[in-house]
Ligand code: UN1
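Presented as structure tokens, the chain that follows is alone, the form predicted alone.
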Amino acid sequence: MNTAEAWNLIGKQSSSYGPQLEGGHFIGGKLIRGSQHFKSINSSDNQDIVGSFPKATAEEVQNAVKTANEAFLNWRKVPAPIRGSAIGRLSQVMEREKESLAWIITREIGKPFRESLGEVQEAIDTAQFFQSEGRRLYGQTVPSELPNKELMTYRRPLGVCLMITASNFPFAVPSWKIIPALIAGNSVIWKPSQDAPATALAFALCFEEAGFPKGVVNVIFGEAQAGEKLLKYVEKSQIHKVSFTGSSAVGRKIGEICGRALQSPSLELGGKNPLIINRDANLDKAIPTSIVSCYGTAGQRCTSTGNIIIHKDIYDEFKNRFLEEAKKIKIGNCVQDEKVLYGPLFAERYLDNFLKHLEWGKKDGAKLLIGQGRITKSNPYPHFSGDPDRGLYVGPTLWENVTKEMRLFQEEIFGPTVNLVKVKDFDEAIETANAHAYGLSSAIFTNDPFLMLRFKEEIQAGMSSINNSTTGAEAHLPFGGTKASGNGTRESGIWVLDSYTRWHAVNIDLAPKLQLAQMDVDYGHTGKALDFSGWVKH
């Protein structure tokens, strides 16, 4: 049975958007319906129920943990190149199902279809990259200071890896975590966002069709409580690694739990990403790039631009041109109209925070250039497509007269809003860019090579772009931040393998008698020729 056929079997009703699903936890290769359920709603149209999914009970979580631990014992023994072959089959399944998978993403979270296609492609790229890593999980041979002795290192899998992911990239980000964990020989329990369970189930079915052994990939649904139930198994040493994408506040709590178990989690957290516009910037490129960087995906990216820092000599020109383009942004139902720049906010909690930030800004004295809050029929937006009352839609928002002390400047909003900050020179620009708690992404527009160099050296961020957006990623480049944006771990590329393996050092001593490192070594301090003839067995 292929992925599309399996998907059709779990659809019981249908709407104009597609089948209504009866989803289940994916444990040991079986769908477990459970007893209590929550609904996944089409973010663009709340009249469309995508499906119902179970809320994890303590027993179901225990079953998933037990299943993953049992599966790990066999999966770790599968030769890494063979594990790579399974990853290769996964990439083929995703490539064949690319459009259908993208459609599920668009329907469920309201992301424009072209973005959803790009997200699935990111997962395909990740699978293709790590397929070959199955033949490159290299260790090292290391010279010994003693004769007749060999030293070497090996990568070993950790065990059961728990992945907890967010709603904004419900397909790509899980692929960054699950695929490298699998190639390294680990088993996986994935707790996806409660806002995107249908997308997660579709991804799980791809692993099933690709032929992964039962229990190697498991999916547990539910709200935050499901994650809390799973995290209890960290201190029981039955979950051996946690990888989390989400808020810095939750990341700190996960860090505390893992710290008590002497584990190192992978934490990819929030951002308040700066974009510097230097006086020599190419505005014909910088302005459309900034629009996408600030407002793409309705600003619901951890890498979305939060503060645009502009040289005073071009501030007015940039502001006027940016404002003109921002007023043209088309918003609406992404399922019905592929031409919108962005769709709805994914959940009520994001809408609540977005509306609150409008009050912060006014209270602190910032000037609102555009921004109307929630779009409804009674509060219309001129470039809207669809029925605004059926989703959590908000207009593009732009602030100026923002200072470093304001909450607007300091806090991640997670919505389509951005601040304009005027500076007198590059020194002030770089100081302003670093003047917040986060350190995820960053960007600058300049044609000055020396300022490019200074920016790369002085910016406090895990990722930087020059003459490009703060957003965007590629499967073979490390992704992650510093300060409140993460704990130094990285997703993607060869660097992520350090998060899902431990180094094992091995020495083999073939000498005929006891020899002790550092004590039985003649370092030649006497000035005499070194003589190891008595140490060699003839």
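Keep in mind that this is a model prediction, so the values were computed, not measured. We number the residues from 1 along the sequence you see.
As for the form predicted together with this ligand, it is not shown, yet the points below apply to it.
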{"query": "Site test, E122, T245 and T303 vs this ligand in the predicted bound form, non-hydrogen atom cutoff 4.5 Å", "finding": "yes"}
{"query": "Option from 395-403, 97-105, 173-181, 333-341 whose residues, in the predicted bound form, bring a heavy atom within 4.5 Å of this ligand", "finding": "173-181"}
{"query": "Of F53, F479, Y500, F26, the one that lies within 4.5 Å of this ligand in the predicted bound form (heavy atoms)", "finding": "F479"}
{"query": "In the predicted bound form, the residue from N168, T417, T289, S91 that sits within 4.5 Å of this ligand by heavy atoms", "finding": "N168"}
{"query": "Non-hydrogen atom contact A473 with this ligand in the predicted bound form at 4.5 angstroms", "finding": "yes"}
{"query": "In the predicted bound form: members of 396-413 within 4.5 Å of this ligand, any heavy atom", "finding": "none"}
